[in-house]
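Just the one chain here, the form predicted alone, laid out as structure tokens.
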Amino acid sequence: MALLKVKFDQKKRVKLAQGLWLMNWLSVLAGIIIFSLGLFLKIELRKRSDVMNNSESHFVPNSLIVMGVLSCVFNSLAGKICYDALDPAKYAKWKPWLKPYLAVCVLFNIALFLVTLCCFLMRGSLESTLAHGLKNGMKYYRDTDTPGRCFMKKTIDLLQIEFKCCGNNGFRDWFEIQWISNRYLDFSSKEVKDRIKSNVDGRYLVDGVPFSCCNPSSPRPCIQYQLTNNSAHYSYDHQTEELNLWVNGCRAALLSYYSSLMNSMGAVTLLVWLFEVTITIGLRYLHTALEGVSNPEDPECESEGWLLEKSVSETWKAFLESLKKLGKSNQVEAEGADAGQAPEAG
């Protein structure tokens, strides 16, 4: 028994074809929007690729770009099919291709849904790549004379100013690395020598941060050196003077920014997916309604359209049986090939 059977007369078939034609061209615009979103996200990720550890984060924007292009192609073709469906002579050339085309549309909808899920689930991989990337970027902050790393100081400073953040997890991350280049250290100074000798790795570590960590909303001039020494500054307590520097770490700030982008893009893609599923269902009804016309010479006769020719369970069983037959045919071909090679081996 057919699933969700609906009766159609000529007027309903014409309205269905016209409505699907309009929806397909709206989906072409939606595909352009998805393509634009993927391109925008890719550009945003490229801007800060220096503080990202790997290129896994580009999977989602690349997928959005591909799905946007495929959406434009498939919906343009579907619009042409719906337009030609009103003319029996033109529809005849599309008739053999409609079933394979609908199967491709189902696969496209599945892929689009998976990309939508990736938009919402990208936060985990993005968090790890930002954590490692920012850590390496801070490590190379001082290498202003090293080719390939001389830009890292500017990148980190602009990042901290733009996103109002400091360090990886917080400003104390700067205490654990040498962010001042040896070029600007006076090695004849006793203080510099003592600091280097007191460190096992021979690094010059200070309880200070770069200027880009300073919060301009602070009521007092920025204190960026000797942050943990209360006696070094007048009327200062490092445990209560958090407004002096940005409190948030850059990993959390960037993660929040990209997560909001991904959630917005995921919501848009989900709406487009629902629209595409509706179009695919409409195309299935149009296909079966046109196939069910008993007398092609009488276009005004009634016909029946359905979503599935059989029930869901019967359709699933038929699908599994077709897979089994396909597997057996491949096995027979493999055995035949082995039998043909055996005499040659003898």
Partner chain sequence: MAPVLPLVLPLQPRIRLAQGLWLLSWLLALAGGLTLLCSGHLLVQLWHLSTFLAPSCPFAILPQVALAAGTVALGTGLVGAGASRASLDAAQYRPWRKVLSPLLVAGTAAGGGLLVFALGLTLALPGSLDTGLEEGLGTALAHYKDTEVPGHCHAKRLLDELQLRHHCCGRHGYKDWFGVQWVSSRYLDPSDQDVVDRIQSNVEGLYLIDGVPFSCCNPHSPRPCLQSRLSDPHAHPLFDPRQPSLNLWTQGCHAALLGHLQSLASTLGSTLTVTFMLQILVLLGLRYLQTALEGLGGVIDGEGEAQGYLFPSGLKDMLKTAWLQGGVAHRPAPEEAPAEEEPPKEGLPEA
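Numbering follows the first chain given and starts at 1. It should be emphasised that the depicted structure is a prediction, and the values quoted were computed from it without experimental measurement.
Only in words, not in the display: the form predicted together with the partner chain, which the text now covers.
Q.
Tell me which stretch of 157-165, 192-200, 75-83, 262-270 has a heavy atom within 4.5 angstroms of the partner chain in the predicted complex.
A. This holds for exactly one stretch, 157-165.
(Q) Looking at 253, 119, 227, 214 here, can you tell me which has any non-hydrogen atom within 4.5 angstroms of the partner chain in the predicted complex? (A) Among 253, 119, 227, 214, a heavy atom within 4.5 Å of the partner chain in the predicted complex occurs only for 214.
Q: Answer with one of 185, 106, 274, 131: the residue that has a non-hydrogen atom within 4.5 Å of the partner chain in the predicted complex.
A: That would be 185.
Q) Does the partner chain get within 4.5 angstroms of any non-hydrogen atom of residue 221 in the predicted complex? A) The answer is yes: residue 221 has a heavy atom within 4.5 Å of the partner chain.
Q.
When the contact criterion is heavy atoms within 4.5 Å, does residue 180 count as touching the partner chain in the predicted complex?
A. Flag for residue 180 set to yes.
Q: Check whether residue 169 has any heavy atom within 4.5 Å of a heavy atom of the partner chain in the predicted complex, and answer yes or no.
A: Residue 169 lies outside the contact set for the partner chain.
Q. Using heavy atoms and a 4.5 Å limit, would one call residue 234 a contact residue for the partner chain in the predicted complex?
A. Because a heavy atom of residue 234 falls inside 4.5 Å of the partner chain in the predicted complex, the answer is yes.
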